[in-house]
Ligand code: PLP
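A single chain, nothing else alongside it, follows as structure tokens in the form predicted on its own.
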Amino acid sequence: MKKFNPATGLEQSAHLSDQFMVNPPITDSATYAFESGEDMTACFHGEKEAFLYSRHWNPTNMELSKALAAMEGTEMAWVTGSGMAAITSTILQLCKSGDHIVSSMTTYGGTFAFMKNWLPDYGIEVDFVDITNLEQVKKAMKPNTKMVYTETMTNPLLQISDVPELKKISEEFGAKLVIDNTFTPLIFSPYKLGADIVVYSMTKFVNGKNDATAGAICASEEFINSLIDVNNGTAMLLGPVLEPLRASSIHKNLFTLPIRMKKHSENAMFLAKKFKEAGLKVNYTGLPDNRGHQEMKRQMNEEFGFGGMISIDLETKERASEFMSCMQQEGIGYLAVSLGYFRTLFSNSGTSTSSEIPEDLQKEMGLSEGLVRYSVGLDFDIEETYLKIEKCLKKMGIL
């Protein structure tokens, strides 16, 4: 019988049929047996490679991790029960009391809250900067800076981080560059551009179904092994493991990601052009006059387009609320947080996914209270979708 070949990513059937399974099996065992006490001891000491306990490694999670590492070009990956679990595990593995972080001011609200409200209680200092202002980043760096953190495309302002230049700054100070690529899987390859570690909320585009929360950490073998070390690895000791049934489902969804990202981008570009023609304040990096357009073109994998994220500014949260309610009633999509779903999702960022950021800081970073963020879906007839949006805009007297 043929053995499992890690290079092919195929799992041999347990039957003596000499056939391969189309989908890798789901391993739902929480623990694994050893042939001897010596083998178990060697595994705990890191002297023997073996499955020990599913909080550490699970065969199903390992298959998904291999696929993610191949996608990102990293040596290894590790999967978690949520995107925040991936982010916090990475931060706490790299930083200890007395250390310093430079982070993008514009970032997911949960990440901002963890850095602003939680880390200082444990002696970790964070300075927030305009990540597109490289001089500001340099000025914020200190001798004890251990990490520069940003998102490839920031949430919700859709700024584009200059990954190669941020890598140069990080290296100069001996810090690690950590990039959240949740908005732009496949569109950007941050590790290949210079990032040391790439994190994801797989809940979003990677999975694409909004039926699971999950995260991923893609990095060097050395870093992943440090994360899962039984004595001091944050991913091992904090226990943010992904359930294997979900890992199997995400692994299968991963194979449609290239097709999905192209369609998300195609639909978003159509809507962005329509919004611009209508005279709305639209932010989409695919538009030539967008502030991040040239920077994105310089770093992106163009075959996947400019992504599925758009925002328009309706100036007040009241107008934004009325508009989103109308869109949901018209069947355009859902007034809901999250993104990367096959249906269009929309939300008012300042009162939802960025609500952890104080209002004065929202204004400083340029976040309008009337910002409506779209995660554009996989609509088959995007022209019909726009006509419904246009109906709401006309109903409100915006058009």
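All values reported here derive from a predicted model rather than from experimental measurement. Residues carry their position along the shown sequence, with the first being 1.
Keep in mind that the form predicted together with this ligand is not shown, yet the notes after this line are about it.
- Checked against this ligand in the predicted complex, the residues 300, 84, 147, 228 give one hit for a heavy atom within 4.5 Å, which is 84.
- With the partner omitted from this view, the residue of 88, 161, 203, 104 that lies near this ligand in the predicted complex is 203 [heavy atom within 4.5 Å].
- Residue heavy atoms within 4.5 Å of this ligand in the predicted complex occur in exactly one stretch of 88-96, 175-183, 254-262, 131-139, and that stretch is 175-183.
- The closest heavy atom approach of residue 108 to this ligand in the predicted complex falls within 4.5 Å.
- Shown alone here, residue 155 lies within 4.5 Å of this ligand in the predicted complex, counting heavy atoms only.
- Taking the partner from the other structure, this ligand in the predicted complex has a heavy atom within 4.5 Å of a heavy atom of residue 339.
- For residue 310, no non-hydrogen atom is located within 4.5 Å of this ligand in the predicted complex, even though that partner is not displayed.
- Along 130-153, a non-hydrogen atom within 4.5 Å of this ligand in the predicted complex is carried only by 151.
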